[in-house]
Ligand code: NCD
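What follows is a single chain, given as structure tokens, in the form predicted on its own.
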């Protein structure tokens, strides 16, 4: 049985740790993780066989639909020689459909595996899963409008590789700021570094909650809320565009009022972008970035950003399972 009281923070040691929130990380923890990414990239790009996770099995329990997060975790495990148990839509295709509790589901599958990756539509579920698990680490793959820490890790790494730093940055985050768990986690990560300024572009209905806004301010990041593309700073280092999340609305009419309020077009990039900018998106997109932008060198969402997700997850899994130090 692993020790659950050995600290929530990473503190330089990933082995056996749950990954629930960016709040667990320090700047040193992030740089330690990043230091292993080039090796993972080399393994993946050259299709080098690896036995780093040989004999390890990771269970992927996804209560919500996923393609990139599920696919990249699955690929990361297999590229390192491990294997997966995949539980997709457990509400219909597991004992959850019979009324099994989350806690019992976690305790069953930790008996079969060395780590569990979980996605769930309710914020806080990954923390509950971690509290239920006695033997294996839990990795949050997105819980409702809460957080998506591994997405933030790949986003932070993408910015880091482009700018060679994660401090003194100016960024724009656009779309569903209220419900965007990728935004919430990325902001947590950027709070670890000094003198970052982020412009939050969203309709009034989708602004960051006041509690989160004030908490982030206290952590040292400068946040500026804007409602028009005309207020986008022309010297930003990155744009982080997101979709308005239809699944977070109770009424379709409310969603229709705000979807695709802000769309990246050639004209917008010409008017407010710069040559050093990178355009990011956690995907999927549903119209908020025009397809013509895909060929622009600044658009990294289908190039380096998505690939970095694979490499980051490879490095993270190897660290958590004690195969890297």
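Positions refer to the first chain, counted from 1. Treat the numbers as computed from the prediction; the structure is a model and nothing was measured.
We do not show the form predicted in complex with N-carbamoyl-L-aspartate (NCD), though everything after this point is about it.
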Which of these residues, 49, 291, 55, 284, gets a heavy atom within 4.5 Å of N-carbamoyl-L-aspartate (NCD) in the predicted complex?
-> 284
Out of 196, 74, 125, 245, which one falls within 4.5 Å of N-carbamoyl-L-aspartate (NCD) in the predicted complex, going by heavy atoms?
-> 245
Is residue 69 close enough to touch N-carbamoyl-L-aspartate (NCD) in the predicted complex, meaning at least one heavy atom pair within 4.5 Å?
-> yes
Though only this chain appears here, would residue 182 touch N-carbamoyl-L-aspartate (NCD) in the predicted complex if you measure heavy atom gaps against 4.5 Å?
-> yes
Please check if residue 188 has a heavy atom lying within 4.5 Å of any heavy atom of N-carbamoyl-L-aspartate (NCD) in the predicted complex.
-> no
Should residue 151 be classed as touching N-carbamoyl-L-aspartate (NCD) in the predicted complex when contacts are defined as heavy atoms within 4.5 Å?
-> yes
With N-carbamoyl-L-aspartate (NCD) left out here, work out from 99-107, 129-137, 237-245, 221-229 which stretch has heavy atoms within 4.5 Å of it in the predicted complex.
-> 237-245
In sequence order, which positions of 116-143 have a non-hydrogen atom within 4.5 Å of N-carbamoyl-L-aspartate (NCD) in the predicted complex?
-> 119
